[in-house]
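Shown next as structure tokens: one chain only, the form predicted alone.
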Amino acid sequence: MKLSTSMKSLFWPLLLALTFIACNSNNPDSETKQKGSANTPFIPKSPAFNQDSAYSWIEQQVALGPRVPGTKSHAQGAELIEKTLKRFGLQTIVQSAPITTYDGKIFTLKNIIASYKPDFQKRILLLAHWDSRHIADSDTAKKNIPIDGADDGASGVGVLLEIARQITNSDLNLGVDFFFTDLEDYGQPNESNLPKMEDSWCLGTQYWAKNPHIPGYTANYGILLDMVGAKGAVFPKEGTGVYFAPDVVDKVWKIAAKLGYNNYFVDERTGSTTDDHLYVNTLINIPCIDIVHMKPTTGSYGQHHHTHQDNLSIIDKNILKVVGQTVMETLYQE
């Protein structure tokens, strides 16, 4: 995944709201809603999200090893996702193309797109990157060794695979496209001695936005999941999403609050981050937001970001539940 907001060239003003209070509950479903919410109980329309199943998808990805482009683990990761989506009965496309990275290497990217009710005009785009970081550039040791990417990569994929599994037999009256993006995390580190390469992150999404899997593809809006499984994760309103798709941000955060997750989906805005949704907004003009673990007061990510701490030990099934249930309910509220 990309570097911290404070280390990127793209910024939005940082707006501080009330004092941030971290939730220590181990059971997000039992949390009380904020003061002043309606007295009428909110009855979800979506089925219960299965966090154990989502976790199993993360386990399977991590067991392959780091999904770094050009490796056997990367090829196996693509095969796992493609076969799983086809088993769910979704119309699945693998988009391949040669891509040159900031260090002059050429890889074959594999974007994987699966469609639920592909003939429906009303569509929601759900996306997450499935590759993992080729270096541990934020670590203090073994900086040149790839990371597991349990949270940064595998968690978003795990949540989306579980949503895909659950909606295949549903009666949703809309189309949903699941986009698993490649080469998101092969971006140029700040300390690189190589000439600066602009837009070195999110290469799979940049390619897709210029070469959509269906000519003229569009969607009503998109939701990106990035780092959505770590212990202690919170999700403020990320600046790029607020700028390009404020209505979608409001919709999702209000649904999260109604579900009782307002201590996770916090009503605070951060600065912007360079992530896949930036190019969905600017290159293909689909309003897209980012559900991403960031610290509201600093705009930084968790301590495990781009380090070898990003392994299965940091994954919290309760966080997977919070994010997965919120996204599913958003679909069912359409």
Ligand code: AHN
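All residue numbers are counted from 1 along the displayed sequence. The model shown is predicted, which means the values in this text are computed figures rather than measured ones.
One more form of this protein should be noted, the form predicted together with this ligand, which is absent from this view; the next part is about it.
None of 252-260, 224-232, 157-165, 170-178 except one has non-hydrogen atoms within 4.5 angstroms of this ligand in the predicted bound form; the exception is 224-232. For the candidate spot formed by W201, T274 and H305, every residue has a non-hydrogen atom within 4.5 angstroms of this ligand in the predicted bound form. Although the partner is absent from this view, D148 stays clear of this ligand in the predicted bound form, with no non-hydrogen atom inside 4.5 angstroms.
D185 belongs to the set of residues with a heavy atom inside 4.5 Å of this ligand in the predicted bound form.
Shown without its partner, the chain has H129 as the single residue in segment 120-137 with a non-hydrogen atom within 4.5 angstroms of this ligand in the predicted bound form.
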